[in-house]
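Have a look below at one chain only, the form predicted alone, in structure tokens format.
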Amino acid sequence: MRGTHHVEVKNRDAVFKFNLFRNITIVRGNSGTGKTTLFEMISDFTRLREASGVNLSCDKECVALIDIDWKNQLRYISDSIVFIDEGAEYIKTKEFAKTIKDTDNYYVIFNRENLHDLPYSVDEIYEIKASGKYHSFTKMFQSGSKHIYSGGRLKCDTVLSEDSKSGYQFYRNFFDGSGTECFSSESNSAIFKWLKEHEDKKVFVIADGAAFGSEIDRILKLRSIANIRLCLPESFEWLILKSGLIKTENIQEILKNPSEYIESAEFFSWENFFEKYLIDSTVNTPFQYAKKEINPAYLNDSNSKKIMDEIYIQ
């Protein structure tokens, strides 16, 4: 499945309207905010259709995962939007992540805990807002045009990249001789531990926002958060494509509306798509890209500045 899908679910007591942009959407919120009501409405519609008293409108089939044998139910669901209640313990397992990875469905998961085995975006974590009986999804984290979280002015002495290969090599080269140290945590999940161990530093963190959803909460709760700035672009490859260095026929349209081009069955996370797109688009060109080692063409002053212009550092 690909594209943006609008969903409307209503009965005589409640109306829910929201858009889904990626294969994994997380819906949070305390009790009484509407999560259970929405899931139960979709669950009733899944079992009883029109007899449920629920009216559901979407260009894709919407299904509640209600069987205890969830893997068996998923075998028969394709090209659909699957809703999963927060009481489902299996969503926390590696088995669940592995099972849904190659499916062509979108998943809406009601859950207040971080799901570290799922690569979900910081931009796709929502809470439900209500105005009378009308409900909508509201983003919990706003990245803004420069993808900065925990804003404010801060002169950083350290840059921490979750990338351990080409991205880290690029940042290390860019900051060489500047007095700013550059380190790699080697993964998104290791950033928290690194920051805990270096609370005395003023750190600018650059990580792949496309898969950072499960990490954002605990980092923003660090005691040293006043000394941390987060930059969360989709990925390092996305930054290169956004810089304008790579010219392809449809690159601007892809960057403007990635949902229309990223097939969920092929790419579990948007960062995987942008990596493949950059590699395929630069084969046998001066900008030929490899994840393992950065091409020197990206390191000259003019080109590296264009890439870094997509990042705002204070």
Partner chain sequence: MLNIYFGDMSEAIYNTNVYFNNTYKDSWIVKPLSREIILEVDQSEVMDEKTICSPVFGNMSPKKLSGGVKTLLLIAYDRSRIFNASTCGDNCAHWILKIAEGRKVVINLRHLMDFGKDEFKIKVLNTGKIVKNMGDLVAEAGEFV
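Residue numbers count along the first chain shown, from 1. Since we're looking at a predicted model, the values are computed, not measured.
This next part talks about the form predicted together with the partner chain, which is not shown.
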Looking at R218, K129, R75, K139, which is the one with a non-hydrogen atom within 4.5 Å of the partner chain in the predicted bound form?
R218
Is there a non-hydrogen atom of T37 within 4.5 angstroms of a non-hydrogen atom of the partner chain in the predicted bound form?
yes
Consider N30 of the chain shown here, and say whether it contacts the partner chain in the predicted bound form, taking contact as heavy atoms within 4.5 Å.
yes
Just to confirm, R223 within 4.5 Å of the partner chain in the predicted bound form by heavy atoms?
yes
In the predicted bound form, does K196 have a heavy atom within 4.5 Å of the partner chain?
yes
Out of the stretches listed (158-166, 188-196, 94-102, 236-244), which one is close to the partner chain in the predicted bound form, meaning heavy atoms within 4.5 Å?
188-196
In the predicted bound form, residues of 75-90 near the partner chain [heavy atom within 4.5 Å]
E86, G87, A88, E89
